[in-house]
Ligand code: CP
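First comes one chain, alone, set out as structure tokens in the form predicted on its own.
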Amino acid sequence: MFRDKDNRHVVSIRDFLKEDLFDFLGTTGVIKTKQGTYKETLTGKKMARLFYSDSTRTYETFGEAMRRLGGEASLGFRNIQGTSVKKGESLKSTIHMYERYGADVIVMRHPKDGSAKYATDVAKKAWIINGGDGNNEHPTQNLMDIYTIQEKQCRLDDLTILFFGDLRYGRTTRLVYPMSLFEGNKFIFLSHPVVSMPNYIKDFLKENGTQFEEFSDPKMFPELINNCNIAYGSRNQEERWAIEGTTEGDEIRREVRNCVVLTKGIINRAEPKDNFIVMHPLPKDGKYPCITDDVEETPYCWYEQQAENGVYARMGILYSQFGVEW
């Protein structure tokens, strides 16, 4: 998967070519079916997880992936409370310290856009994996999503994917980048205008000749579901919303929160395709969800399988990153 032996950082999903994705899918598929075969392949390797922003699943799945491959994942922190970061230590110094502690790979989540790329510039020895940098990207989430889609749909082309919810600040919508590499794929965007898909992504799709449609009326939900293979929800990223706490801002928040919500009733009114699935990166917002809990009572809910695949996908990434030969 990593053709450049001197650069095995994972910073952007846009760095992956179609052949890279096929390599990743093959590696991950074999690891999932034959886990025991690879339980000692990264013995002696150490991971540091530097999480400047909160996360549960990304933090835990990377640690579990490293342990299942025989490596260590004891270095790092899951939040900055009580760390030298709170005392003013720079990102550069923190990376250098964990390299001194023996980290071979650093998984980093940071609130600042571009922080992962900066980390690759200052790292001297360790490979950097972007576990989410601000509003920018979360490439390993995209990779596990691709694996989940291929596993369920048995293909990555001629698919229609409906993205709904907070498309402006939800990083998982960057899935359009790799999926646009495959022939015949089409995207549908359904969101409140305040959190619609960013223009730079739509411009990218136009330049690449990828079909997409955009809607803001939630009454379109059943009809849109009829025409798609996958409905992918993105939770309200309120911590990133640039809306001041004014009366007008509060009104906008209420409107956006409740605009596009997928329910079991909506699915029942629709006529989903046989291979239709609902995806979500998790966690769901319990107070203002974009997918209600009763969707889990349908046969279309697929986000638990998607979350489970996070371990296998990250095992595939780590296995490939260290250049272990088959």
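Residue positions are given as counts along the sequence shown, with the first one as 1. Only a predicted model underlies this, so the values are computations on that prediction, with no experimental measurement involved.
Heads up, the form predicted in complex with the named molecule isn't pictured, but that's what we're talking about next.
> Quick one: of 141, 236, 148, 94, which gets a non-hydrogen atom within 4.5 angstroms of the named molecule in the predicted bound form?
Result of the distance check: 141.
> I need to confirm a contact call. Of 269, 57, 39, 273, which residue comes within 4.5 Å of the named molecule in the predicted bound form, counting heavy atoms only?
Residue within 4.5 Å of the partner: 57.
> Just one stretch in 48 to 56, 24 to 32, 290 to 298, 258 to 266 has heavy atoms within 4.5 Å of the named molecule in the predicted bound form, so which one is it?
Contact-bearing stretch, as computed: 48 to 56.
> Is residue 44 near the named molecule? Define near as a heavy atom within 4.5 Å, in the predicted bound form.
No.
> Against the named molecule in the predicted bound form, would residue 283 count as a contact residue? Criterion: heavy atoms within 4.5 Å.
Judged by the heavy-atom cut-off of 4.5 Å, residue 283 is in contact with the named molecule in the predicted bound form.
> Determine whether any heavy atom of residue 109 comes within 4.5 Å of a heavy atom of the named molecule in the predicted bound form, and answer yes or no.
Contact with the named molecule, yes.
> Under the 4.5 Å heavy atom criterion, name the residues of 148 to 185 that approach the named molecule in the predicted bound form, in sequence order.
Not one residue comes within 4.5 Å of the partner.
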